[in-house]
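Below you will find one chain, with nothing else, as structure tokens; this is the form predicted alone, and questions on how it binds or moves follow later.
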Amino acid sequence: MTGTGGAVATKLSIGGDFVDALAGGTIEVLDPHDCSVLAEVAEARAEDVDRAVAAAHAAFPAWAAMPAAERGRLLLRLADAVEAHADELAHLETRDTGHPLRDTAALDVPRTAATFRYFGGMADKVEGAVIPVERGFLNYVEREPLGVVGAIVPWNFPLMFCSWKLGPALATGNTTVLKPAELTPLSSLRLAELIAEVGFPPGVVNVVPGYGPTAGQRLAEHPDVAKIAFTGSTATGRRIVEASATNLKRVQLELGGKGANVVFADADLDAARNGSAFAIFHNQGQACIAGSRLLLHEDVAEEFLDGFLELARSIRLGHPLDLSTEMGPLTSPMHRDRVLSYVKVALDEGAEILTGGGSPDDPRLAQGCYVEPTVVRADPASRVAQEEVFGPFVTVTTFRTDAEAVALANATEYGLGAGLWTRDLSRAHRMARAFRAGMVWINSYKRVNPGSPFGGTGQSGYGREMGFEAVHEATEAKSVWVNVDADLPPFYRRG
């Protein structure tokens, strides 16, 4: 079942057991390097989701009643297990997603362990509040778990997003049903094995890979699910909101983005070039927070672009397991074709392809889902500058003034992440306040930490992951009033 000897977990994890899907269906999981079949995993459908929710529902009372410190210890043990199996998990994630091993080993797996450790430490530190009210009464607020949390994670960072969803839900006493993306379920299923091995009670975490219109839809509409936490496209997020209306469940959405990355004339251009390349080309641009709109002050635009294009052309594409590879394949053939279709859109709109725009010529990569780093000079109102491409595809626009930079940065329906590069501290704070985004990075990009809230505004969704904000998202506030003054006159006297 485990990946240590080359085998991978392929069954659904429900109620502490690894089981086949009731209908017997399976999903082919492909290696994006050459589109060969990595595994066939059980395909969860509505009836399997029902089983998983029932298991989570049955496990909830005991899990919620467990001392918070004990829940925390289990999460800390899970963090230790992730670190103990770091090499295995990094290789599994790389083969499944195409994300280069140098990144899964250095970023994805350590961030997964860090998130479980953060929420393991937080479990017994969730505090309520005492509210100052009128004399004679004590009013306190405590935070209670919601119940069963349905978590739907995307295919771009599947292992890391598992920890983002599970960590706060489990720490606060909720039980969970996790639906990984059908394209990349392998690390989630391996995580389910580790969760069982470290001693989580059966039913507390259930993992059911399946397709969105079947398994995802059923999870979103299920009457015994108290909350859906979803990361994915804006279009799917809207469908989840509609399905959630069956029982008015809480919904937390982390959706698409079209991040502005603004370089001012006084920026350190070398740092800005390197940071901007990471912002868009890390994980092949498959990130909701990618800096996919590069806004350059006209005084430094050509100087910046000379070096940036040279850097983009020098990025090493190759097999994701090769530690010298800087950019691997996109995660699926369908997504590769979608990203490449935007090159035609750009040309049809009159944009200029400055570099890239196709698949690499290297015959060793011909069978895979590779796309060259692509830089496009485009009108800020064009489709390629407004729609989320979700690939190694960045548009370039120039600006003259700070006000114009703000207007361009805010000129999309999304509001997830934004970055800016300047040596002027006053400008940095003004711009951070003016940008309509849930996260702003100054002289950096795409920094995340378990303690820092993550989420967006507008069509990028609502709610926050990570930090104390995530604890509030995973709990309900209950206000309790106590009459502490026996001599308090009653409202109505008799006699």
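Please read all numbers here as calculations on a predicted model, not as lab measurements. All residue numbers refer to positions in the sequence shown, first residue = 1.
Form predicted together with ligand NAD: not shown, discussed below.
>> Check for me whether ligand NAD, as it appears in the predicted complex, comes within 4.5 angstroms of all of Pro100, Leu189 and Tyr370 - heavy atoms only.
In response: No: no residue has a heavy atom within 4.5 Å of the partner.
> Quick one: of Pro168, Pro180, Pro392, Gly419, which gets a non-hydrogen atom within 4.5 angstroms of ligand NAD in the predicted complex?
Replying inline: Exactly one residue meets the criterion: Pro180.
> Considering Ile280, Ala272, Leu294, Val153, which brings a non-hydrogen atom within 4.5 Å of ligand NAD in the predicted complex?
Replying inline: It is Val153.
> For Arg239, is any heavy atom within 4.5 Å of ligand NAD in the predicted complex, or not?
Replying inline: Because a heavy atom of Arg239 falls inside 4.5 Å of ligand NAD in the predicted complex, the answer is yes.
> Is Gly210 close to ligand NAD in the predicted complex, meaning a heavy atom pair under 4.5 Å apart or at it?
Replying inline: It does: once ligand NAD is placed as it appears in the predicted complex, Gly210 has a heavy atom within 4.5 Å of it.
> Does Gly232 reach ligand NAD in the predicted complex if we count a contact as any heavy atom within 4.5 Å?
Replying inline: Result yes; Gly232 sits at the interface with ligand NAD in the predicted complex.
> Given that the partner is absent here, does Gly256 sit within 4.5 Å of ligand NAD in the predicted complex, heavy atoms only?
Replying inline: Yes, Gly256 sits close enough to ligand NAD in the predicted complex that at least one of its heavy atoms falls within 4.5 Å.
>> Tell me which stretch of 145 to 153, 404 to 412, 110 to 118, 349 to 357 has a heavy atom within 4.5 angstroms of ligand NAD in the predicted complex.
In response: This holds for exactly one stretch, 145 to 153.
>> Where, within 78 to 103, is there a heavy atom within 4.5 Å of ligand NAD in the predicted complex? Residue list please.
In response: Residues within 4.5 Å: none in this stretch.
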